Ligand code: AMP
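The form predicted alone is given below as one chain in structure tokens.
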């Protein structure tokens, strides 16, 4: 399903999407359907994105080159996909030369860029989150762990490509994580300071809100699957699949999240001189005491974006522009009454060492299926061949009237893809399907 065409007027525009993952492919697919669009570019893009946008060979963190390209091509609007360029100040730099962008400026992006900042911010503004301590000294951090016991969570303060969070089941495991970060430099500067926090029991969910600095508009829910193996076994990954909506996030819970987390976040950031505009992604733990914040992300999730965009009935581009323009209070979004489910296909060996440049065949077999998308996350085209270059490589996404049908449709498509060097979990959606059977 394509999104509804926008009915409002307005000049057509050139849009640049920054990034190269499955999230950016989903955004490009959604934006490409907008009648407001004149031309769509993506930097650097990938083999799948090339079907929707003109890919330009500029890295997502090459701020100078991105600004230069946007000026040269007279880009009207930039959508920043990943967190790195947001933390580096890409939105600030674009704004300084008069180019509008979707995403927070560097000061507001600290909500993801520094876990220590976020924990202190939550304390200042009464936002429910786990008890914690901040440390740069390993011995002090270990004393905190011994005083509080395990399970306990150790987090690198900065951006660590999704690998900087250790859930330690034993005190010894926590101490090893502390040494790895503070003494061995496992995450470089990102781990020069750490947060040690209380382990929260419950079920995780993702809650999204579009924000314009003052107003927040709920923008969907999802649940992902972080562990690499079936049955939620093995090490954590960047995400092996997701589904949306998340039925566990009831209307009552959503209202609580807006009241106790999202709106206080916007008010607090505004009061501290860093109004937040963009998408606020709240990673939640739904506990016996109500929803508590695990972390903020300041961009769409990956693979959550791959299930949000197909469900979105409204034209996404005016929504993103409204967030950048500060006019979300006059905006509304509509959703398809359907379930979306995404299965991530990863390179064998991920999240450890994996082979690169392996060929993927059979993608044509999925191309003409209704309500089915193969979003590329780590691919390049070499002549007539599509080859895998990353750990998480494809996001096979299906939309259907219910989760069981979406799951069946997604896995049928997975089985038509010929990639011996890839693998996937075979139980994406197990939790929502088990809940439906009870």
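Numbering follows the first chain given and starts at 1. Note that the structure is a prediction, hence the values are computed from the model and not measured.
Just so it is clear, the following notes concern the form predicted together with adenosine monophosphate (AMP), a form of the same protein that is not shown.
> Is residue 107 part of the interface with adenosine monophosphate (AMP) in the predicted complex - any heavy atom within 4.5 Å?
Because no heavy atom of residue 107 falls inside 4.5 Å of adenosine monophosphate (AMP) in the predicted complex, the answer is no.
> Using heavy atoms and a 4.5 Å limit, would one call residue 295 a contact residue for adenosine monophosphate (AMP) in the predicted complex?
Contact with adenosine monophosphate (AMP), yes.
> Hey, in the predicted complex, is residue 356 touching adenosine monophosphate (AMP), heavy atoms inside 4.5 Å?
Residue 356: no contact with adenosine monophosphate (AMP) in the predicted complex.
> Examine residue 338 and determine whether its closest non-hydrogen atom to adenosine monophosphate (AMP) in the predicted complex is within 4.5 angstroms.
No.
> Go through 87, 127, 153, 190 and name the one with a heavy atom inside 4.5 Å of adenosine monophosphate (AMP) in the predicted complex.
Contact with adenosine monophosphate (AMP) in the predicted complex is made by 153 alone.
> Which one of 198, 120, 325, 179 is close to adenosine monophosphate (AMP) in the predicted complex, taking close to mean a heavy atom within 4.5 Å?
Of the listed residues, the single hit is 198.
> Using a 4.5 Å heavy atom cut-off, which stretch among 249 to 257, 89 to 97, 165 to 173, 326 to 334 contacts adenosine monophosphate (AMP) in the predicted complex?
In the other structure, the partner sits against 165 to 173.
> Can you name the residues of 250 to 285 that have a heavy atom within 4.5 Å of adenosine monophosphate (AMP) in the predicted complex?
Heavy-atom contacts within 4.5 Å come from 285 alone.
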